[in-house]
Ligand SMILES: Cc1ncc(COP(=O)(O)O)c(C=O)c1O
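Listed next as structure tokens is one chain, alone, in the form predicted on its own.
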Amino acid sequence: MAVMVLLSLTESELRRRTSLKWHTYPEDVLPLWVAEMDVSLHPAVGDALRAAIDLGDTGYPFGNTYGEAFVAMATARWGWTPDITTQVRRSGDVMNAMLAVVLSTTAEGDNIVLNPPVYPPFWQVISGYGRKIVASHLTTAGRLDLADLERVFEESRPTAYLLCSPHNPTGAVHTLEELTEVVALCRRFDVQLIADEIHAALVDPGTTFVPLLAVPGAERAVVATSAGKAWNLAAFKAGQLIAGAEIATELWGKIGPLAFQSTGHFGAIAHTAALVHAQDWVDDLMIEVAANKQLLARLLAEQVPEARYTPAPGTYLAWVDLTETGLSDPGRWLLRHGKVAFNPGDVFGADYGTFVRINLATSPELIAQAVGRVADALRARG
């Protein structure tokens, strides 16, 4: 029986979409930027949504079947079983859930730590709400710098730390040893640990993802997550907020009920269907993504030798260093001169302007076309 290739949609098929990825730039630009995947909707998700539409089932969400589906997945995939009654609450998207925790556990003027380069909304959720950003940069290998994190905690005395796990954009998958040290540091310095685990299922074959709340000592940490990223369901707002056993009752009392009312009914339906019926699908997807990472590495080595890229096991995103091209802003330069859209590195941190983030959840053909455009533009520069 033929194996279905998930990342096989053609450019002409994709350009019929009206979402952000395919409509932000003119049609002569090839977009490999924002974290939308070039895949078809899983049939079980489509069936669940169509059944609801046919029933006129378009009201408010009820119950926590989505949470139950998440707990079942966490148990089967990671051997971790949060308590559905006391620890798990539905929410809207991940960043709004993290914001609710930040607002409930910190005060205006507080220092909050993040790890550049990091997903742009991490910066916004701190500075946009009267808190102060304190940076503990990742290592040159894109991993947590635990010694620097300890120094930052000691010097700035933050009240919270925002962890991205797996890390976006570097693709690092934090180890049990790393997370154990992070938890110990947060305990020692009384820092509220808040993690974004939306990429948790998006790891290469053979890679182990460690849920933060499964780490010993993490009972006061809080995790925001969603099926939206791994199953390409950004159109359907629905998330999970999971509190450690020691903080759950206290946190739910602080956050207030409105934080739990932003899940859409269709979002809950879509995400539940994905978690229940499409576990094998995301694993098959990551086989293709892992192959795309190797493809990108080979093509860059052949056509853009100035690029520095080492495939990482997490996410479907590639973090590429273009410093040796001599361009101060390669992301925006390539948009103008190569007609290819990547995420410019400076949106992940001011010190990373010579990097780009590339979305590899697309067909090998489009990746090859994108690298070809980069190579052609650099050659034409003279």
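From 1 onward, residues are counted along the sequence shown. All values derive from a computational prediction rather than experimental measurement.
If you look for the form predicted in complex with the ligand, you will not find it shown, but the lines that follow are about it.
Residue contact check for Lys237: one or more of its heavy atoms lie within 4.5 Å of the ligand in the model of the complex. Contact between Ala318 and the ligand in the model of the complex is not found at the 4.5 Å heavy atom cutoff. Residue contact with the ligand in the model of the complex: Asn168 places a heavy atom within 4.5 Å of it.
In the model of the complex, no heavy atom of Asp284 sits within 4.5 Å of the ligand. The stretch in contact with the ligand in the model of the complex, judged by heavy atoms within 4.5 Å, is 90-98, chosen from 71-79, 214-222, 90-98, 246-254. With the partner omitted from this view, the residue of Ala312, Ile198, Ala268, Leu162 that lies near the ligand in the model of the complex is Ile198 [heavy atom within 4.5 Å].
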